[in-house]
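Form predicted on its own, single chain, as structure tokens, below.
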Amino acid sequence: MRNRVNMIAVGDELLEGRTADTNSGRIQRALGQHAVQVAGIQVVPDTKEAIFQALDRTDVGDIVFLTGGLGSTPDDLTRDMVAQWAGVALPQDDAVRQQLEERWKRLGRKVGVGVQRQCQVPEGMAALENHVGSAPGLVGCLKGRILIMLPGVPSEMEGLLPAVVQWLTDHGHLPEARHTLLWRTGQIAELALVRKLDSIREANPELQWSWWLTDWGVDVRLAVEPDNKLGKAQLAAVEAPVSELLGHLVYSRQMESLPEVVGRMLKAKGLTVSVAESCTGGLIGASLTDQAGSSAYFRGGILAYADHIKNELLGVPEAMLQKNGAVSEPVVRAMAEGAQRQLNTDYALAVSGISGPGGGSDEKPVGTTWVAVATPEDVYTWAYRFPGDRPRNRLLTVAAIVDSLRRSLEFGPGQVPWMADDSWCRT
């Protein structure tokens, strides 16, 4: 029998709209390969009554994740309330205290007043070291539930998830992992991806097919239960045909982001890149420098939002701007060339678009975006027409240009990074 999963997100800020609950989705993805059933997600305020009631709504045998409320401020009640609800003591853990003191020492800071609370571990639970922040994760079995308490800060919570999944696996709380295959794709619409795989999908009914949107495109995953011998054979048989069919659309077969892939490719080839951004306002540079070690390949960028900056810093001729407008093929080409020249890089990326909500016209409606990839051999340009609002159009632009760089690196010299069967937001 499989354990159900219940999630309890604790925090007034979640209910007041000051912060969104993104942790529940991260937990679901971390558990996805084990095909556990998520029974429900509760969002509750920082009160004793609300936390008690949320715990009471779970059942014996459930895996219960609680996120938030593990800090050192007076409203961080989760640790205390779980101990009270389970009727157990809440002693200080000397090992946790030592870890926190060593962490603060490395940071050159004195141990805070509230650190004592973060050293408390309910009897029957164990602490998992938090390598990103201070409050440890807490795991154990209380009142017949398998309880996991994690910090609410997404980066800290996500950093603890691998250790949590390992603990659940080691203690037999998760079913055997499913057999899975993953393809992470860019620049193809979700429905187009589904249709592209229709014939293979219809010929393999034993497989579990799923698709979902990401910041970088669309993922497709195939899975079968560990005891399904026929499905496992089908899974092995379709891997090559699916890979061949998707081809250049796939940027990774692992759970890694597109900028991670691009960064690794640039580093392996010893190449450098720069950016010239208009409509994205620095988002492309931010995505490329999110990766540790990005200084090995990212030289810098020019945020040329105003036309006179395009002219003065990137060398885009004023006459070209007046004749064609900032959102045009000649201008974005000149922007890429300017960045490549000014920052002395092997590659340069440039974007100029109308993100909205205003600024569009019949000739250039909102969402029209020109991109350019300058390579050591040539400059390649392409126009997209993104269908979203301003934030979405900007994010789509980032995904499009970073994937176009990935393709240029993958295809090699002299190859245009866009293909005839691309279906994503083409003009």
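On a predicted model such as this, the values are computed, not experimentally measured, just so you know. Throughout, we count residues from 1 along the sequence that is shown.
What comes next is about the form predicted in complex with a further copy of the same chain, which is not displayed.
Student: Want to guess which of 81-89, 234-242, 164-172, 150-158 is within 4.5 Å of a further copy of the same chain in the predicted complex, heavy atoms only?
Tutor: The contacting stretch here is 150-158.
Student: So in the predicted complex, does any heavy atom of Gly270 sit within 4.5 Å of a further copy of the same chain?
Tutor: No, Gly270 is distant from the partner.
Student: Going by a heavy atom distance of 4.5 Å, is Ile302 a contact of a further copy of the same chain in the predicted complex?
Tutor: Judged by the heavy-atom cut-off of 4.5 Å, Ile302 is in contact with a further copy of the same chain in the predicted complex.
Student: Though only this chain appears here, would Pro122 touch a further copy of the same chain in the predicted complex if you measure heavy atom gaps against 4.5 Å?
Tutor: No, Pro122 is distant from the partner.
Student: Would you check, heavy atoms only and a 4.5 Å threshold, whether Ser199 touches a further copy of the same chain in the predicted complex?
Tutor: Contact check for Ser199: no, nothing within 4.5 Å of a further copy of the same chain in the predicted complex.
Student: Only one of Met320, Ala177, Ala95, Leu313 has a non-hydrogen atom within 4.5 angstroms of a further copy of the same chain in the predicted complex; which is it?
Tutor: So the residue touching a further copy of the same chain in the predicted complex, by this definition, is Leu313.
Student: May I ask you to choose, among Asn324, Asn228, Ser294, Gln99, the residue with a heavy atom within 4.5 Å of a further copy of the same chain in the predicted complex?
Tutor: By the 4.5 Å criterion, the partner-contacting residue is Ser294.
Student: Can you name the residues of 62-93 that have a heavy atom within 4.5 Å of a further copy of the same chain in the predicted complex?
Tutor: Residues within 4.5 Å: Ser72, Thr73, Pro74, Asp75.
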